[in-house]
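In structure tokens, one chain follows: the form predicted alone.
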């Protein structure tokens, strides 16, 4: 009985100690858009290689579709795009009768499209200050709220270059202790921008990655010089990979489907087709079966491994091109690289590096892990209780001390 009493007395104390320990450390997570996993092994990136030697090296699998907005918001919420609502970079809002698009300033900033509980709000609601520097979704008022500190990508991104973003991370970490965020999430458009323009293997894409490596190396050096330097965890990862594309690898929707069968389609990866009437759904699907270089399903029949097809705004038919191909009404003449394909494909995988007091030293994770696990990982590092999510801390626990 005495032992039981002591145990019952100690359990809350132990829990409080663990909770406090999370707040004695700080976590900085950097997203490099389009960070294909093998960039970190094949390009001249000594800092990334240093992180592999001194911290954790892994490969992360994106969620489907392997696109920027869906996956950045997945990293923040731990939910697949099918569950958090940003199912593509563009899709049709069936109730609102409008197309959501990352290029549409109005829909992009409408919080009704962003479901789930992003980590900046999970932590904020539990008393932990958070900061974002252009992370997708963080400049949107989700349930009327933002992170403690945030930047508006639509109005400020062109004014704050990559060096300015690094400076902002350092500024946030040097705020007075009572004001200092314990989570800082920063976003960089490269190497995605170069990967699209020149292809993943071009020398200019290589240069963009190597420039980022030097910049982040200096950032980490500056962080280590801070009084809290030894308390900072650094995670560097991305949203998806990149593969080579060619305008000749193109399937024209006009060659296979009559226009009156569908009211609209969102010609991204995947292509979402919205039938003009229910009776045309089967006709569309049947017409697409056997067409080379694409797979097509009614939304209810999308293969389970894609984790896609149940969202209310899903197209009636989902068309997924083979890696490197496009299904649309016109080929893309300006891009030599793209993504959005099957999220299990090799070129879509994402690099991952981590270092700091909570991560092992010189650890190479044997198996790739799902990006929905980043959210529970961040919650663990912050010492907060995660909201419901599709990830699992157990899937990444081996990387932790």
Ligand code: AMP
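Keep in mind the model is a prediction, meaning the values are calculated, not measured. Numbering follows the first chain given and starts at 1.
Heads up, the form predicted together with the ligand isn't pictured, but that's what we're talking about next.
Of the candidate stretches 259 to 267, 285 to 293, 190 to 198, 323 to 331, only 190 to 198 contains residues with a heavy atom within 4.5 Å of the ligand in the model of the complex. Checking 136, 236, 209, 183 for any heavy atom within 4.5 Å of the ligand in the model of the complex turns up a single hit: 136. With the partner omitted from this view, the residue of 153, 280, 149, 220 that lies near the ligand in the model of the complex is 153 [heavy atom within 4.5 Å].
Proximity to the ligand in the model of the complex holds for all of 33, 67 and 102, with the criterion being a heavy atom within 4.5 Å. Within 4.5 Å of some heavy atom of the ligand in the model of the complex lies at least one heavy atom of residue 89. Although the partner is absent from this view, residue 83 stays clear of the ligand in the model of the complex, with no non-hydrogen atom inside 4.5 angstroms. Using a 4.5 angstroms threshold between heavy atoms, residue 108 counts as touching the ligand in the model of the complex.
Among heavy atoms of residue 353, none comes within 4.5 Å of the ligand in the model of the complex. The partner is not shown here, but in the model of the complex the stretch 313 to 342 reaches within 4.5 angstroms of the ligand through a heavy atom at 339 alone.
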